[in-house]
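The data below hold one chain only, encoded as structure tokens and taken in the form predicted alone.
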């Protein structure tokens, strides 16, 4: 029965182009339809990464906050979708601003209403919108790492409004929407800066304003380890995110015609693999024990780092980028802890430090041939291109990072002064499941274990 079903499904997939374009079997229509199908599939993979973020944040934090993590992720995904439809997409890709103003912000396509036959960046505009929305939602979920286990639900709501309508879209416009960084030649194929660094910098602003969780640091400044409640959840989250990344990176080709998306996926896999191996080995070497959390962070750091350059570099460079990211994320986590910054899911290291490295790596390893295919046609420093591309990549990191931090800090500072940002000490001890939602994510287990878990 299963075999027959699989055969039927295969036949349907083979016949789909014939059925879909029976009225107009032109090669152009067929190619456009297949591209649309590919981008839609990629968008679904990226949206499913939210499941990975649920498991990552829940597994990396304590049981008493697990239900809150899951619920607020779905809530903010819904709110972000509406805000991005109303405002965010128009600021990112809107083309109604004057030529001089368009260097900094888009001003069109608000309350986006795609026409059925309209094409945007090579894909049907409705599908391209969903794909871009998925990226905005990922960046927002990265920012939540700085809120974990101590922020009010109302703060999530307010910050979503500002982050998805202004902060993320402005950065995306500068690099992807025809803004001044794009004009300078910044290359960020799928978002090491646009998505990951922007989200991580927002998380940094949040952690500074919220201050550490109760019990994280002692009076002498030494740190206590606050273990997450389920390392299996965390490992599963990394696998889900890893798979979703093929939609993230390979989907950014917005086309399947020449098979280039396969090369992008190939580099993505190598970068992730190298990051996981490097982080496990460096933790083993430094600590005397192979740290599973470090290895998981290394895999994600490799993915983040290769995201900017997956379409611009040769495979050997993808391995180097991943290896450096795996080592970098290990020492970055230790650095932030020494600075007394409490980062429960390592957003600052995984998405911030690795995002910076990945963006700069483009200026080192990009080849002229690949850059000309999908970018500005400039090679990196180690590929004979001189310092120009590395400087542009550095410029994009500094400008995008500074804007994301200042804007996020201002919004969250106003929230803190107006309605309060952090839950009370009693609410934090009880857990956000109960204090913010009135029920535990694990009600039976919490009855047995008590609220200290």
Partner chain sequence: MHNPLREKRLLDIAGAENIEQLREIRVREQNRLTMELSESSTHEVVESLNELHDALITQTLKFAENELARLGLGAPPVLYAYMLYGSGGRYEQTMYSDQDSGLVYADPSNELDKGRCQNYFPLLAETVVQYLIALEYPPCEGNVISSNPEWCLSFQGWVNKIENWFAEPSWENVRYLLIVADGRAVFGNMELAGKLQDHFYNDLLNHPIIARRMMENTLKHKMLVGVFGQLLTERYGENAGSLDIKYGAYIPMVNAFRLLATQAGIRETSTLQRIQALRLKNLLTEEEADEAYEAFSFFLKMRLLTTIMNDGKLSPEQLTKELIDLLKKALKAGKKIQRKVQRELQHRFGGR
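From a predicted model like this one, the values you see are computed outputs, not experimental measurements. Residue numbers count along the first chain shown, from 1.
Keep in mind that the form predicted in complex with its partner chain is missing from the display, and what follows is about it.
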Candidate stretches 147-155, 220-228, 242-250, 69-77 - the one whose heavy atoms come within 4.5 Å of its partner chain in the predicted bound form: 220-228
Of 118, 113, 287, 121, which one comes within 4.5 Å of its partner chain in the predicted bound form, counting heavy atoms only? 287
As a check of understanding, the residue in 368, 184, 337, 314 with any heavy atom within 4.5 Å of its partner chain in the predicted bound form should be identified as 337
At the 4.5 Å heavy atom threshold, is residue 216 in contact with its partner chain in the predicted bound form? yes
